[in-house]
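Okay, so here's just one chain, in structure tokens, the form predicted alone.
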Amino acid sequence: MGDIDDTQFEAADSGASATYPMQCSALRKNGFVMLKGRPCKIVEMSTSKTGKHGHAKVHMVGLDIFTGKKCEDICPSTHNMDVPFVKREDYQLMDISDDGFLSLMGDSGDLREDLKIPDGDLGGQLKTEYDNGREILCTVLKSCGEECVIAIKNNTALEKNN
């Protein structure tokens, strides 16, 4: 009892779960669900009839909301599946740094510079629009401790004021 253990915590969070349970039969197309441990958007669902062991099965096909990869799963309709908490936020693009990080401003005026330019066509389009001097809104999706820019649009509200 005389020894005091100096435990150091590198990070702390609220302890809130990144997911919540929902009965499989209550899930709907275009909703979100955890498939193979990844947050996915359901693009296809089909229910099979009850077999001789009495459970109707639900076959789900989803696309990973961050990578776009296809995931599939089959689950009895009475069982619970994890549904991720998904938060969507719009930020105004202020700047793109030389190392590929975006400088984004939220509605409350807070700046964040921790998101990279998205890969693929979206990243190319974002850079082109920014280089052309357009005011751009970036839609950021946050779920399960991951965040990324999933869509961009021109900020027409600012252009009308000028």
Partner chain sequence: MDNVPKIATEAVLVHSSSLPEYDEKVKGYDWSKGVDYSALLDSYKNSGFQATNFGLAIEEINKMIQARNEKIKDEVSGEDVQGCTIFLGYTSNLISSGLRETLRFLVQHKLVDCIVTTAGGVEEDFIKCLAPTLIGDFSLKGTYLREKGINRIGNLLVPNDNYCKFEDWIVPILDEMVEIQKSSGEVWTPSKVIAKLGERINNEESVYYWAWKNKIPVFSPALTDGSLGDMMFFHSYKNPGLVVDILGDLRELNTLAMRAKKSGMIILGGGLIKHHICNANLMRNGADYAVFINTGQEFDGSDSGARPDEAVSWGKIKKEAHPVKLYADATLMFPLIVAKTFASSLLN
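Numbering follows the first chain given and starts at 1. Please read these numbers as outputs of a predicted model, since none were measured by experiment.
What comes next is about the form predicted together with the partner chain, which is not displayed.
- When you look in the predicted complex, the only residue of 100, 120, 54, 109 with a non-hydrogen atom within 4.5 Å of the partner chain is 54.
- Proximity to the partner chain in the predicted complex, defined as a heavy atom within 4.5 Å, holds among 59, 116, 134, 127 only for 59.
- Considering the partner chain in the predicted complex, the lone stretch of 25 to 33, 92 to 100, 62 to 70, 42 to 50 in range is 42 to 50 [heavy atom distance within 4.5 Å].
- Residues of 102 to 134 are not found to place any heavy atom within 4.5 Å of the partner chain in the predicted complex.
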